[in-house]
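First, one chain by itself: the form predicted on its own, in structure tokens.
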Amino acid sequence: MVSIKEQFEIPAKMKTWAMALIAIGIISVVIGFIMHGTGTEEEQSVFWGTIMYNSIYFMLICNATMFFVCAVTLAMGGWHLVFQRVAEAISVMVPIFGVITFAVFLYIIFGGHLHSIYHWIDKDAVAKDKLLDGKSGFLNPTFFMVWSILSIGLWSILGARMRKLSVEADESPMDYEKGKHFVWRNTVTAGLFIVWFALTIGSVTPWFWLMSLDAHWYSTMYSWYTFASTFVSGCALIALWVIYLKNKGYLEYTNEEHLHDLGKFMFAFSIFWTYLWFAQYMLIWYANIPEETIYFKPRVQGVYKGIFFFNLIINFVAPILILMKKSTKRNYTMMTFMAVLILFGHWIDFYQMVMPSISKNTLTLGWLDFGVAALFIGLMIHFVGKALARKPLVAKYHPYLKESIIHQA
């Protein structure tokens, strides 16, 4: 085995960028709080809603990177091992962003009583509304917060368990029995993560956090739509970090074959997201039932119309036209461009999932949104960089490492 650069050293420029983005984010939040956080209920709702959708989006895309690791582990795949540590490092952000998200929920539900964000926290409104009253058995502050704790907590615990198991592949060579036991324990933990992921992201959690912003509306596709949006973004985030490390001379075993497969994931799940987008929109448009169209009216007919269809162009038209070619998925420059575009596009997607429900008649996208996003990006660069530097970039004694080195897409 040739000598490789096993340990990542955080460049000074990376630290500078991280601190600069964090500073921009903090300044934006402080100014935003002064301007909006102490104003009318609508202004406060816009301020806290902006922080909320950013925190949820960035937490879920980081969590999707651990889903990627667990899904490939359950499939007994080994092709990803030469860059698995990148996905593991990104997943370190789940508990960090989770704490921020939970704190925002605590304030909205118990501190600010911002009924224009979550209508169902207004007891008087629930008592007068038969539909909200019928959902109050599960759509209530206690159940919401307990489920949020369980969701974020178990994602963090099971993710940490996967990362801890991964470190064992750095210690010493494994014989057949030890390697078999190691793979089995990884498979069991990955299975537990996938089951919990399915019960949360694939089902209940998006209902609570996002769909209940429009408590009178529901969609059976909503959780899958949220999953598709965050998973394709998670794959794009992995690709972006892989390309960055390759450009810095790391990940010598990672090559265009691995990048090609990441590109295929980005392409495939962009199409899957579009299928869910179209199916959800088309069925509601065709039926034209008032209690279903209330979700789309401010997005398609109101001030958010441009954002709504711009979102489709970025997240479907661009990926299908650009990522369809084999050569594009092997080109570092084009993959970097598409990864950034997909991350931005699905950030816009989360914006239009949340903000039209909070501020129906005013387009709120502006400096505060980008400032808050800068804060989360800065935090991610800082902590992911530290996580990458903490252990070797390749698990050199993993039983499947050779399979990953000789991988061909």
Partner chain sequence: MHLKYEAQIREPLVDGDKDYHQVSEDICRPIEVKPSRLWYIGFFISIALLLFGVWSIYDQVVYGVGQWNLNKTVGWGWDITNFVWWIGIGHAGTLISAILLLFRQGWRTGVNRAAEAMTIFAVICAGQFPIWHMGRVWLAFFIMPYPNSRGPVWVNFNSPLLWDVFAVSTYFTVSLLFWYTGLLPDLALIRDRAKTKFRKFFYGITSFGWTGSTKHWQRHEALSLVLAGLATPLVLSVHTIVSFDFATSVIPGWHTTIFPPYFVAGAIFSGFAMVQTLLLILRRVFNLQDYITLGHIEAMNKVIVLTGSIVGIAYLTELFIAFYSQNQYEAYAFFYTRANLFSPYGWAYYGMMTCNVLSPQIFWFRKMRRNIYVTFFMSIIVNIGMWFERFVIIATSIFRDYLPSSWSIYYSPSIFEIGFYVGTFGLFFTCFFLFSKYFPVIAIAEIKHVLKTSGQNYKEQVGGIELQKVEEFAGEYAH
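Values in this document were obtained by computation on a predicted structure and should not be read as measured data. Residue numbers count along the first chain shown, from 1.
Form predicted in complex with the partner chain: not shown, discussed below.
For the partner chain in the model of the complex, the listed stretch (99-107, 233-241, 151-159, 284-292) containing residues with heavy atoms inside 4.5 Å is 284-292. Using a 4.5 Å cutoff between non-hydrogen atoms, W217 counts as a contact of the partner chain in the model of the complex. Under a 4.5 angstroms non-hydrogen atom cutoff, the partner chain in the model of the complex lacks A18 among its neighbouring residues. When contacts are judged by a 4.5 Å heavy atom cut-off, W224 counts as touching the partner chain in the model of the complex. When contacts are judged by a 4.5 Å heavy atom cut-off, V183 counts as touching the partner chain in the model of the complex.
This chain is drawn without the partner chain; in the model of the complex, the residue among N247, Q301, S203, N140 with a heavy atom within 4.5 Å of it is S203. Of the candidates V146, A125, I313, A279, A279 is the one whose heavy atoms come within 4.5 Å of the partner chain in the model of the complex; the others do not.
Along 149-180, a non-hydrogen atom within 4.5 Å of the partner chain in the model of the complex is carried by Y176, G179, K180, in order along the sequence.
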